[in-house]
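The chain that follows stands alone, in the form predicted alone, written as structure tokens.
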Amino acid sequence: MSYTALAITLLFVLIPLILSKTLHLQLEKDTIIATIRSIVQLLIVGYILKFVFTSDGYLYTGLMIGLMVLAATLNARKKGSHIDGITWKLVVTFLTVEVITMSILIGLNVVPAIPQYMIPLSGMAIGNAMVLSILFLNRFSSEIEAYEDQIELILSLGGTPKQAIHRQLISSIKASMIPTIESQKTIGLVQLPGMMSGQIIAGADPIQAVQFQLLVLFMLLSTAALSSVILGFLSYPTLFNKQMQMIHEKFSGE
């Protein structure tokens, strides 16, 4: 694709701008900022990847993956500011997802241990883990606020924090995983996934494209489960004090 053809695609950006202006949605500024940021960020990443792919060794690959973990952590921790140590909990979650994912893919020779495979697949795994972590944190906070009295009742009857919050924890984990599971049920019927579409456009054999897409789908299903469960079980203990009492300030935002 030439830069001229790419510039023409900016017509797609004009549509939401015109609609926002016409309907007084006041989203023009955000749309323009999002467009400029996406162009700048992706071009920078493109040149960085071009350098990494042509370089030798795993140092730059490790740095790229570390940058992904850092960016995902900084973005997701905003939703869990009421949880003590949320930053390191997110780092542990993302690193665990990355290690398990790459151990299976590379350790079992599913894909070769080269940057062209490791970086894109790591980005998909960490990115999905980030989204699922945000979904989990949002739902977990809502569940605790809605059932605070029930949690207090279980604690007053001698229940442990794990027993008191078990229902809310499991419900939040389940809710954060549902979008991933449901999207896989209609994959190929409602939409052709990104990796598969990209490979087909690039001229790859459709069957090979499907095989790689299935690899990604199965990997994302695993990251969905791992990220929600790991973050959930790391987070809930910090919502209670040493006397096994719920710390109310964490839910009230005080």
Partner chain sequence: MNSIYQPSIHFQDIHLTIDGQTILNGITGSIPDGKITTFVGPSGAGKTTLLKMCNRLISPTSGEIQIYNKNAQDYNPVDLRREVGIALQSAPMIKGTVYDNLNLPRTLQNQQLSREDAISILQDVGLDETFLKKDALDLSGGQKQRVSIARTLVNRNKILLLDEITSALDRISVREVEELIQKINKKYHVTIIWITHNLEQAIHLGDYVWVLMDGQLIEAGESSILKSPKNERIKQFIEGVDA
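Keep in mind that what you see is a predicted model, and the values were worked out from it rather than measured. Residue numbers count along the first chain shown, from 1.
Not on display, but discussed next: the form predicted in complex with the partner chain.
When contacts are judged by a 4.5 Å heavy atom cut-off, N109 does not count as touching the partner chain in the model of the complex.
In the model of the complex, no heavy atom of S103 sits within 4.5 Å of the partner chain. In the model of the complex, the partner chain sits beyond 4.5 Å of every heavy atom of V99. Residue contact check for G159: one or more of its heavy atoms lie within 4.5 Å of the partner chain in the model of the complex. With the partner removed from view, the residue among M118, I173, I83, L155 that has a non-hydrogen atom within 4.5 Å of the partner chain in the model of the complex turns out to be L155.
Of the listed positions (T87, N75, Q150, N138), a single one reaches within 4.5 angstroms of the partner chain by any non-hydrogen atom in the model of the complex, namely Q150. Only one of 162 to 170, 175 to 183, 125 to 133, 88 to 96 lies within 4.5 Å of the partner chain in the model of the complex by heavy atoms, and it is 162 to 170.
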